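Presented below, as structure tokens, is a lone chain in the form predicted alone.
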């Protein structure tokens, strides 16, 4: 064990810090976010501290994960710590940055247009995100859509893409490689690996953009991919279920959602084989660009 050391990162619009005496944790976290490291704390930094909290001959070692001075988690195993660090940051974003509405959704940018894929865990968001990233789209986040409440602009938070073990072979079939050989235990989701978007290509990170498409994915093994249009009212009702700060945003969350989807197309996606699913989504967005070009 070494002295406490603090690392600071600016990951899109989110400033984070990690302070820990655990050298292995410090090294692995830096490996995930070296492209975003900065020399000192950023504005409204979300600071996570990790240290052993209880040791002894007859007691299992636990690791205290605190964020901005409050204990959030106490994992028992070192293999759990990195996912808990990520979770701690995720829970703190709405409190520290209330100007953003935070949706449980992966988010991508293509040709200056934002596409979000809202859904609960297991809907296939991260695998779909990896597939679209491999096909040339630019990455914003695999877990959240951060939407500025006043401008309705979608902003990047390009954290490492968390890939569950059953999807490792799918991601590898796309020619993508997970970061390092280390795998992490993420609660009931089992072991996960992380994909660094900047390992895919140099310009992998997207820019802030308006939202053009809202697509609700649902993975069905063996299914033929299909896009089903939904009304904006139905989309708004579904979105409020996956909003983390509906009542704690700077503006009333339902008003932000209503304004956001007013200019977006809304679909449900039955996803199957990743290549075919990505083609269906890419075709939808390309058709939207062609319609806009004709109107212009």
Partner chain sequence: MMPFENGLQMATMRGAPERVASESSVRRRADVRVHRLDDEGLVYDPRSSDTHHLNATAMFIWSRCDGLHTCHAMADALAGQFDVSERAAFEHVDRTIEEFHKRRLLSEDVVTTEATG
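Numbering follows the first chain given and starts at 1. Remember, predicted model here, so these are calculated numbers, not experimental data.
Omitted here: the form predicted in complex with the partner chain. The next part is about that form.
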If we test each of 229, 40, 69, 233 for a heavy atom within 4.5 Å of the partner chain in the model of the complex, the one that passes is 233
In the model of the complex, the residue from 254, 34, 51, 270 that sits within 4.5 Å of the partner chain by heavy atoms: 254
Is there a non-hydrogen atom of residue 44 within 4.5 angstroms of a non-hydrogen atom of the partner chain in the model of the complex? no
Would residue 62 count as touching the partner chain in the model of the complex under a 4.5 Å heavy atom rule? no
Consider residue 27 of the chain shown here, and say whether it contacts the partner chain in the model of the complex, taking contact as heavy atoms within 4.5 Å. no
Taking the shortest heavy atom distance, is residue 242 within 4.5 Å of the partner chain in the model of the complex? no
Within 4.5 Å of the partner chain in the model of the complex: residues from 245-273 (heavy atom criterion): 246, 247, 252, 254, 255, 258, 261, 262
